[in-house]
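In the block that follows, a single chain appears as structure tokens, in the form predicted alone.
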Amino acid sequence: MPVPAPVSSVTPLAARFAQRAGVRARRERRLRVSLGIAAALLALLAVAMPAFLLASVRLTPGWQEIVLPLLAGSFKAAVYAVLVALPLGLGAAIWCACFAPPAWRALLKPLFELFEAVPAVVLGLIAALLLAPWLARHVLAFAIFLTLLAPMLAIAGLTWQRVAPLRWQRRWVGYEVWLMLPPLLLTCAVALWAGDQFAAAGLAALLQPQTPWNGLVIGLMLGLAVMPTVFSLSEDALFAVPADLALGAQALGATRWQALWRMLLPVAAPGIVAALLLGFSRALGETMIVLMASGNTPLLDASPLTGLRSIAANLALEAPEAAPGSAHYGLLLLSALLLFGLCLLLNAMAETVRGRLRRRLVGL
């Protein structure tokens, strides 16, 4: 009598697996198509915006006299902002990446980066209502503070290294930044006192701003807005450098500062340059801070004590009133095209430099 063949359970499992594989393949194909459509839309938008601006621009006689002061004002605001953001952001990045204890780095890094979430309109309001009137009265004291800051900090650091006992220096490793607070407060007090003395002597007119809303106010507040960008990218670039480089340099007899200047900073330099370019691009396109605290006076003047008018602020002010097709409308679109091209160029340069840093770190 023939024995019936056993029914295998492999066949239903294989069929079920093949059915699920087909469903997964169709789902992944639809996902790839959706992502491709999204990428194509983004590429289309990236091409459509400059194409629209180029097609709509109408040059009129004397357009240079209108656009060039706006372009100069944008560069003036961005340059002063970077002059403020670079020492603050890069200094904080160096301390967090190279000197801060891990607990302090874990606390302060998110805190500095969260500063970028502060709305620009709030910073502009603070600049217009508080910072501008204060600087108008104490600009001489502020200049004295900037003059004395670096020498005072250098003297404090050298005094600590030469006078403090070695066991104190070892105990304060990683916390040296807090030792700078007393010299900083002393510098502030000396600058305020000296500013009042010079003002009483009639010397305050030497640095009297033409208007409370000027390039100095914009540089300080816009620099604070740009600082998180410079800090975050610089800190990431420094922290991405292998720690073995600094440890090897110190094992060969270099100090932490020598390892920083001769080893870490040269390797991380492309990332720091990219941070600088992105910060400059952010400052170049900022609207609300410049609109609220610059005075909106289109001037071809590089002095920090005079006002300015940037392209972004001018677009926010005049675009709602421009009639489509008019000469005014064409000039606004021309200024927008210049701003778009400059920001695009700066971001492309920053991405190229960041790619160079990645390749350098992979080579290490």
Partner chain sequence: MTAFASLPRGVARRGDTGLWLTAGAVGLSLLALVAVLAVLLLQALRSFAPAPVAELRWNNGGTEHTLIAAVVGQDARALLVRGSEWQRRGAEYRRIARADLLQLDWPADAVTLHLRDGREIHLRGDAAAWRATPMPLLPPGPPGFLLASTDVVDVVAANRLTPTQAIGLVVQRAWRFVGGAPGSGGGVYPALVGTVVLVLLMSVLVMPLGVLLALWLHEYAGSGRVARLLRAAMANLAGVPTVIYGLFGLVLFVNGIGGGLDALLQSDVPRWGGGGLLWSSLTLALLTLPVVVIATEEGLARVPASLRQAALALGATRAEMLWRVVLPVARPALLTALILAVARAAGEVAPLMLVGAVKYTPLLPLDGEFPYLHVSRQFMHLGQSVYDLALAGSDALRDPAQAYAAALLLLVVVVGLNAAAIVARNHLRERARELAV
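Only the largest set of C-alpha atoms that superpose within 1.5 Å between the two forms is called the rigid core. This is a predicted model, so every value here is computed, not measured. Positions refer to the first chain, counted from 1.
Unshown form predicted in complex with the partner chain; subsequent notes refer to it.
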Is every one of 57, 202 and 209 within 4.5 Å of the partner chain in the predicted bound form, counting heavy atoms?
no
Using 4.5 Å between non-hydrogen atoms, is residue 75 touching the partner chain in the predicted bound form?
no
### Task
Flag residue 63 as yes or no: does it have a non-hydrogen atom within 4.5 angstroms of any non-hydrogen atom of the partner chain in the predicted bound form?
no
**Request:** Tell me, yes or no, whether residue 264 is in contact with the partner chain in the predicted bound form, where a contact means a heavy atom of each within 4.5 Å.
**Result:** yes
Residue 260: heavy atom within 4.5 Å of the partner chain in the predicted bound form?
yes
With the partner omitted here, the residue among 327, 67, 336, 299 that in the predicted bound form has a heavy atom within 4.5 Å of the partner chain is 336
None of 190, 118, 83, 240 but one has a heavy atom within 4.5 Å of the partner chain in the predicted bound form; the exception is 118
Testing 268-276, 75-83, 191-199, 120-128 against the partner chain in the predicted bound form with a 4.5 Å heavy atom criterion leaves exactly one stretch, namely 120-128
Residues in 287-321 that come within 4.5 Å of the partner chain in the predicted bound form by at least one heavy atom, in order, are 287, 288, 291, 292, 312, 315, 316, 317, 319, 320
task: Spell out whether the Cα of residue 345 moves at least 2 Å between the shown form and the other one when the two forms are superposed on their rigid core.
output: no
